[in-house]
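Let's start with one chain on its own, the form predicted on its own, as structure tokens.
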């Protein structure tokens, strides 16, 4: 590269002007693209000035290369037809097979070199209408191959219709001396080093000017995932309604808080390994860590023999089963901790409204509507004298803020709520009723062992974060929203989220 740069500078010094860099590249025996790199580098250093020269020509396609010697397809077809009686169409196709035969026959017929004779009783025959032809197409292709210019109409026909030639464009440059022209380039120093100072070498060096106005590389801006946008809207709705967010940063829970405290029996199918992710290490959390012994005993008793108006489940409750660690299957595990803390706070009972939005984990088969890891939205109200009517009223207020004003409720069953209701809403966007969540009143068997007063009830509801996000953003497959298959382009370009408008 240094030799090429030196040769270019020497040639420019002798000639003063280099009329065409393409000719210079030929004389130096290098590809023009290689010389262009050197020109650009010298141009940036203001050692040469470059003026664009645009070039245009037609070149033969691969198909046309063969027609230079064999003749054009129409000439090949004409030459295959004997004078006089002609030839059967099938025999002609055998002589000039493939696309060349089809195109050649069509062109020969258009130029009236050939005709179809159907006077006989058998297959129509192709006969000559002229004795000889001039292969104009072959002549034009030969002109293109030799670099000669051909008429525009014929060039357009060969390029656009017959695809036998194609345009080729390129640039070369007219070179003149720049303001900093020299026979040898000295690269300016960018840093003042200790060695330069020690040897006084800096006095004879040229330094690159500092650009104090340079802004530097722009930082890559972050983008919010659709789930984060919808979560932010949910959070605003809850806080506007006076709810307090629960701490949900503990993904690993003991079976006690995730199941037993919720009055969910130890033989319930949801507690099987095929539905829940259990930890191998640490496999258990001793009940002495974080669970009051008296509360533990009350939970055991209500499971075995009942209480508070319940007959219980009538089985032998096992402490070891409650100590198993797992990835929480719902954020209601956090709710049970918070309610126990509320029940045992100093002083008199104080009503509370809590919400949470965070990840939960279930051992489910992954498909277009299910993931093993997803987000749950949960809200609860704890106060004296709450009824099912209060739950329905709060649900109407909550979902109306989401823009879902038409609600229906269907009786359902949950181990830790009674009564329980599935929530349905009519979607104007989808034109149908759809399930949007689950709700209910926490059972006395869950609340009374915690120590909450007899007249205190808890209403609660939950829904996934992914389902409303998919509806809002028109996403059909949940794996396109959350997980390793998510498109970064979708994350960067998704629109803003405003719920309830």
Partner chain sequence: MPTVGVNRDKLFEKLGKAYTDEEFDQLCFEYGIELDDVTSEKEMLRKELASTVAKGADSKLAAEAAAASEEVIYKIDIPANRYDMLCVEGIARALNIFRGTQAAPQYRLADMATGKQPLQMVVKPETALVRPFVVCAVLRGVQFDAARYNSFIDLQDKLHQNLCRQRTLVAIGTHDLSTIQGPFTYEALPPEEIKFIPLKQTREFNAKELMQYYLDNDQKLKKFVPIIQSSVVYPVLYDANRVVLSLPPIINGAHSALAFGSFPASCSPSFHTPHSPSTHMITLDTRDVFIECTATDLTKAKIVLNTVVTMFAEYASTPFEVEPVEVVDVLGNKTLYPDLSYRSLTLTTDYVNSLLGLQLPGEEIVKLLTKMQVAAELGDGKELTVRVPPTRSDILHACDVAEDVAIAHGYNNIPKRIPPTATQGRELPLNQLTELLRAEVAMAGFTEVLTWALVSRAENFENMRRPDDGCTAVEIGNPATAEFEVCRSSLLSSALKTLAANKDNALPIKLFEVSDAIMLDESRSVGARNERRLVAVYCAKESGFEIIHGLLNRVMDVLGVPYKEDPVSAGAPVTYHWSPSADPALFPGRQAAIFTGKDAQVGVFGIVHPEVLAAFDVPYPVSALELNLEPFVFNQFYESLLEPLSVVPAAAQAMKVLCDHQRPLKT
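Numbering follows the first chain given and starts at 1. All figures in this text were calculated on a predicted structure; none of them were measured in a lab.
The same protein also exists as the form predicted in complex with the partner chain; that form is not shown, yet it is the one meant from here on.
Participant: I have 249, 273 and 279 flagged as a candidate spot, so tell me whether each of them has a non-hydrogen atom within 4.5 Å of the partner chain in the predicted bound form.
Facilitator: All three within 4.5 Å in the predicted bound form.
Participant: Considering the partner chain in the predicted bound form, which of 107, 329, 376, 254 comes within 4.5 Å of it through any heavy atom?
Facilitator: The option sitting close enough to the partner is 254.
Participant: Taking the partner chain in the predicted bound form as the reference, which of 139, 176, 157, 325 has a non-hydrogen atom within 4.5 Å?
Facilitator: Selected residue: 325.
Participant: Check whether residue 19 has any heavy atom within 4.5 Å of a heavy atom of the partner chain in the predicted bound form, and answer yes or no.
Facilitator: Looking in the predicted bound form, residue contacts with the partner chain do not include residue 19, since no heavy atom lies within 4.5 Å.
Participant: Heavy atom to heavy atom, is residue 268 within 4.5 Å of the partner chain in the predicted bound form?
Facilitator: Close contact exists here: in the predicted bound form, residue 268 approaches the partner chain to within 4.5 Å, heavy atoms only.
Participant: Can any non-hydrogen atom of residue 301 be found within 4.5 angstroms of the partner chain in the predicted bound form?
Facilitator: No, residue 301 sits far enough from the partner chain in the predicted bound form that none of its heavy atoms falls within 4.5 Å.
Participant: Does the 4.5 Å heavy atom contact test between residue 388 and the partner chain in the predicted bound form come out positive?
Facilitator: The answer is yes: residue 388 has a heavy atom within 4.5 Å of the partner chain.
Participant: Partner absent here, but in the predicted bound form, which of 124 to 132, 94 to 102, 280 to 288, 162 to 170 has residues with a heavy atom within 4.5 Å of the partner chain?
Facilitator: This holds for exactly one stretch, 280 to 288.
Participant: Give, in sequence order, every residue of 408 to 433 that has a heavy atom within 4.5 Å of the partner chain in the predicted bound form, or say none if there are no such residues.
Facilitator: Heavy-atom contacts to the partner chain in the predicted bound form: 408, 409, 410, 411, 412, 413, 418, 419, 420, 421, 422, 424.
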